[in-house]
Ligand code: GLA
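One chain comes next, on its own, written as structure tokens: the form predicted on its own.
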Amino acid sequence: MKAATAYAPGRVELLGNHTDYNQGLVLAAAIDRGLTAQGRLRTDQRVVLSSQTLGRHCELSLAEVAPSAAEPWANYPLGVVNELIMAGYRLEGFELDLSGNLPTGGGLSSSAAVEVATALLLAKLHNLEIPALALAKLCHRAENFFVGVPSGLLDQVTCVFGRADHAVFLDCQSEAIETVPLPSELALIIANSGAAHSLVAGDYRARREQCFAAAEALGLLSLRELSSADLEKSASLLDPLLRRRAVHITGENERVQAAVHALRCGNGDALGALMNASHESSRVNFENSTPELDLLTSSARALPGVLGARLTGGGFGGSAIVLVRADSAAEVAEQLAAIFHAQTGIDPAPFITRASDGAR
């Protein structure tokens, strides 16, 4: 039977924390770690899924695709299958095996990598022509409606549209996508805080609902319509908690715009300062940081060669991203691991990464 392979990278969010579902601006990059999906068609209308990373297996009939409580990891590929069927594509039974070097639970969007790799594999096996943005949006719907994570479009778009040595600049309102060069003298370090990261939990959903409530209280369709200056004038219309949430989102949109300008000018120092400001806003205004993430970022900033550090992804655990001068990256990673382990007993397993090409 016909066989195929597909690969999808993880992603790191440089700036634009929780802005995507607020119709805002995001700056991210695909990274050089990811997941590979290998598979082949079957003749019996069965779906057979396995994960080498997790050592798990799931099998069911194609006609009975539904969320699995026993194998929640399988809901990400099954959600893609469900969306393809709902979109009118005719699928045959298939086997799919997932493997890779992308840490799960680290906030690097292993979920989107699973979805995109699955979608590309099934498109190849079934000779389907799906435009890149349509494929990213299909995977996004799978995560929202099948898995039940109310995330925005950032992860899937970055996974699909990543480009080596470039950041992906996404306008979630217009869905315009642009790649912006990253200066060659800069490097990225990703370090895991050791705090479990799960967007299925209630904190992420609560922040989303608070953002929508703030927009509604101001008579807006989304917080994208609001600038920091406008928010100052209408602060009395929001209670203190909703105002803090709005301050974060409006500030993040403006930081993304400033960061794109900084990259176009090759100004790594400016990008690092914006990343630092973003983390402080996440800590104070959006309250999606953790003590471990705060320790990681503050420890990194104290090291020579570091330009900026912040949490990446949804927060509430997961990883931090450190912007560093490339010639200092190896030493910074080693020192950061030693400092964090000495204070917490946790190995943050920092690794140096680069902006990489998207799924293929």
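It should be emphasised that the depicted structure is a prediction, and the values quoted were computed from it without experimental measurement. From 1 onward, residues are counted along the sequence shown.
A second form of this protein, the form predicted together with this ligand, is not displayed here; the remarks below concern that form.
The contact with this ligand in the model of the complex, taken as any heavy atom within 4.5 Å, belongs to Gly314 out of Gly308, Gly39, Gly314, Gly34. Interface residue among Ser278, Ser151, Asn192, Ser110 relative to this ligand in the model of the complex, by the heavy atom within 4.5 Å criterion: Ser151.
This ligand in the model of the complex comes within 4.5 Å of a heavy atom belonging to Tyr21. Within 4.5 Å of any heavy atom of this ligand in the model of the complex lies no heavy atom of Glu115. Not displayed here, this ligand is approached by Gly16 to within 4.5 Å at the level of heavy atoms in the model of the complex. When contacts are judged by a 4.5 Å heavy atom cut-off, Phe161 does not count as touching this ligand in the model of the complex.
Only one of 175-183, 75-83, 153-161, 129-137 places residue heavy atoms within 4.5 angstroms of this ligand in the model of the complex, namely 153-161.
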